[in-house]
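Okay, here we've got a single chain as structure tokens, the form predicted alone, with questions on binding and movement later.
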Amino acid sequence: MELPRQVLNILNKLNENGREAYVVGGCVRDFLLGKKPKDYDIATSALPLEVKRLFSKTVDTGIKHGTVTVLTQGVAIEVTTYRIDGKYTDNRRPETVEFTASLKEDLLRRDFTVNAIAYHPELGFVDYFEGMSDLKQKIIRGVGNPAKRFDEDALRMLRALRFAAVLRFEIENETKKAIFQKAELIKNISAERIRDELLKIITSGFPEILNLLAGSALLFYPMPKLHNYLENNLEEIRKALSKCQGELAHCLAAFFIKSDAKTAQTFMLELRMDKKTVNEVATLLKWVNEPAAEDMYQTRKMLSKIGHDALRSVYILKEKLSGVSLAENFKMLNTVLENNECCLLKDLAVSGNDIMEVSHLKGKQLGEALEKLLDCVHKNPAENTKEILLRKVCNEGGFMLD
């Protein structure tokens, strides 16, 4: 396993000062899966204050729990002392930790065997719990007693589903049984934490995991209405999600495809999603089942209502869900944009003040006049000149008498 020089420097310095140090967790797992690790975590027998003494630039990221971030050559690397977790009272984090000199005890407290593998460039891999075997067999298994792991941190149940979905692994039977037994504990986890794991599951491209999500009732205890929605529409949701991978808004729209936009908004806000995403998904749900524009006039009308980014996203989603090409619709959309055609009131060649100068119109009637002018321009973009539009206001051709 080839390690970045910054990581090697930290390991070497700890070793030179008589301390053990290994890279652990996700970086080792990803390397063994043939993926490039995104970041590196180091576990060491050195105490936090020793780490701070050995390295000139550090941040007390979580020093109470043994974690110090070492800043070296433009990289931030977390260095955590081997530890044994104390009592968990909130099903999320230990109240206290006890530092230990044993790597094995430190790895024993971790969530899954595939995340409990350590590596040292001279000593090789340390795998007390057969995580490497589970990687080969594509299995997610709790370290030691999985029920105890979930008692400690209930979020691990959703993480198990997320790892299974992202890696296309199976969840080992005892671990799966423990999820069913301990599902109610998830109610103690914050909506934000549940959201983060759920989004990774939804965007994983492996909708089959939703069977286990629904069957285990992991969403029921914190959000019963969302669970009931999933359970009642499971097959339709799975089918829609199988056609939408990666893009968050499209995956969420697929997940809520059997819901109306307003109900989906309620669910997403309950999950503490940001308003931009909530509104984007609601727009997709509102328009995805509407007929696509048949001509340039309808294209301009649709653009006036939701904007070009949203309309393009709607068309992409419609293609994914239906499997039908909308090439002509994209062509019309691109033509409008390339020609910089007027689609919005703000792009009209006349303003409300211009109209009031040549007519008695005001208030509601003024607004209606502007909308009629915009509709005329949607039908014929060449009419978007001040002269032509004011002539219409002055009733040439009977425009205002329609």
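Position 1 is the first residue in the sequence shown; the rest follow in order. Under this definition, the rigid core comprises the largest set of C-alpha atoms superposing within 1.5 Å between the forms. This structure is a prediction, so every number in the text was calculated from the model and none was measured.
This next part talks about the form predicted together with a small molecule, which is not shown.
- Each of 38, 115 and 162 places at least one heavy atom within 4.5 Å of the small molecule in the model of the complex.
- Of the stretches 339-347, 62-70, 356-364, 25-33, only 25-33 has residues with a heavy atom within 4.5 Å of the small molecule in the model of the complex.
- Residue contact check for residue 187: none of its heavy atoms lie within 4.5 Å of the small molecule in the model of the complex.
- With a 4.5 Å cutoff on heavy atoms, residue 250 does not count as touching the small molecule in the model of the complex; it lies far away.
- Using a 4.5 angstroms limit between non-hydrogen atoms, residue 200 touches the small molecule in the model of the complex.
- At least one heavy atom of residue 109 is located within 4.5 Å of the small molecule in the model of the complex.
- Taking 301, 193, 238, 320 one by one, only a single residue has any non-hydrogen atom within 4.5 Å of the small molecule in the model of the complex, and it is 193.
- Exactly one listed residue, out of 134, 127, 172, 153, brings a non-hydrogen atom to within 4.5 Å of the small molecule in the model of the complex: 153.
- Residue 172: CA moves less than 2 Å between the shown form and the other one after rigid-core fitting.
- Once the cores line up, the CA of residue 67 ends up 2 angstroms or more apart between the shown form and the other one.
- Taking 2 Å as the criterion, residue 78 counts as shifted between the shown form and the other one: its C-alpha moves by at least this amount when the rigid core is aligned.
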